[in-house]
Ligand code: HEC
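Have a look below at one chain only, the form predicted alone, in structure tokens format.
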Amino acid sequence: MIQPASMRCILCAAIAAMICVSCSKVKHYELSRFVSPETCGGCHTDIYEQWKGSLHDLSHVDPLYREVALHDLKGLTDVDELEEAQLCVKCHTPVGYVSGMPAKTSDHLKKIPGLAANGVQCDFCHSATGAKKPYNAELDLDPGHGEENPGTKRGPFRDSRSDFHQSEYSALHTRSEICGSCHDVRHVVFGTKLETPYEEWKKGPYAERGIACQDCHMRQRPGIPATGSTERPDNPGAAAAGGPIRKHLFTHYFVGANILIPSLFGSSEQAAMAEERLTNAAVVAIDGSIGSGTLKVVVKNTGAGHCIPTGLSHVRQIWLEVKITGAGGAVRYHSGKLKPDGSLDAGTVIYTTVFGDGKGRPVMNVAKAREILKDKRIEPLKSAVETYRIPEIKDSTLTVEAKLWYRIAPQDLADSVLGKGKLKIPAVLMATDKKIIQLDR
């Protein structure tokens, strides 16, 4: 197993594979203009502790992301595909990217200064002044000039005061556009929509009701999943030491559906909240009959403001397991069983996306994604009805179980990029239903 202590030095040569070939198009800022998260944590202690160990904090060092990014670059010769494959750092290491660090493809990852390697960090987001586009990290920035002259930090309050920096109200920080700027991704050349949680939200019922990304993902804290199917109470408190008590502070755990990566880095609280979010995202219901040899199972997206799954949904998997047992617990039918090697049975109902190479052939490498061949996912507050063809069963009483599972990636993907058995991808039970069905004989 990969150990957390070694993760920050994994892939010393990764930047050779990930640096942007079009850096000349990017407005660069001296790294010295940014303030470290630790400095911010001196006053914003609680917020800093929430961020620490979050997926934003770990975005640069996530070993699965980095190995997949390297794997996707192998063998690429098409310049358009190479350009896309080299842009992962734009969102995963944003301060490093906008400061041009490292500047050359020959530089090693270990040469990136610690500040640049701090993932999606305080001063990147709170220096944002606007979003040119709600995708591909197209944020306008106005950082200060380091700790001696930190400049203006922007946030959701109109009356913020600080002895350290200037403060300014920013409507952007209350809107979903700031989230979409990184979480929606389009192929830089082909324009293929690779990740679309913001777009999914924008055209859905939550946007119509004025419920922004922050109203779920920045209200969650331990014990309060804050999904569309749960209460989303205010989080009162002070944003900084000595500051006024606010009716609501946006939390900075930034919890999504990733249990694995926080766990690898010892962030058990983050992992627990991710599981809590997943178990409040959907419900599954069994039709209480087996008619004409078929069984229907309904899955409803009750808690997510975007599709399930979302993000890099050609990798993410949500699937249905349906099991029917008869007398003495004998298994009469089983679909969606997770095998010991981490693979799924053929015919398993999987909610996912499939990209194509432009000629109708499926591809896993997003750099090659010229088209979307399949998009089988569930939109916010919508349902999917799955029909299973059941073989003839002689039992008069059957027990039917339906389980909805989630994992961030297929096991064979992790095995192929990290080595077999190096990293086990956990499956999380999202929802379940069970019914006893009497058959007429």
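Numbers for residues come from their place in the sequence shown, where the first is 1. Quick caveat: nothing in here was measured; it's all calculated off a predicted structure.
What follows is about the form predicted together with ligand HEC, which we do not show.
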Q | Residue among Ala384, Leu398, Cys43, Leu31 with a heavy atom within 4.5 Å of ligand HEC in the predicted complex | A | Cys43
**Q.** Heavy atom within 4.5 Å of ligand HEC in the predicted complex - residue from Phe190, Phe250, Tyr333, Trp319
**A.** Phe250
Q: Determine whether any heavy atom of Ser99 comes within 4.5 Å of a heavy atom of ligand HEC in the predicted complex, and answer yes or no.
A: no
Q) Wondering, does Thr129 line up within 4.5 Å of ligand HEC in the predicted complex on heavy atoms? A) no
Q. Going by a heavy atom distance of 4.5 Å, is Pro143 a contact of ligand HEC in the predicted complex?
A. no
Q) Any chance Ser162 has a heavy atom within 4.5 Å of ligand HEC in the predicted complex? A) yes
Q. In the predicted complex, which of the stretches 354-362, 340-348, 322-330, 308-316 has residues with heavy atoms within 4.5 Å of ligand HEC?
A. 308-316
Q. Heavy atom within 4.5 Å of ligand HEC in the predicted complex: which residues of 38-62 qualify?
A. Thr39, Cys40, Cys43, His44, Ile47, Tyr48, Trp51, Leu55, His56, Ser59, Asp62
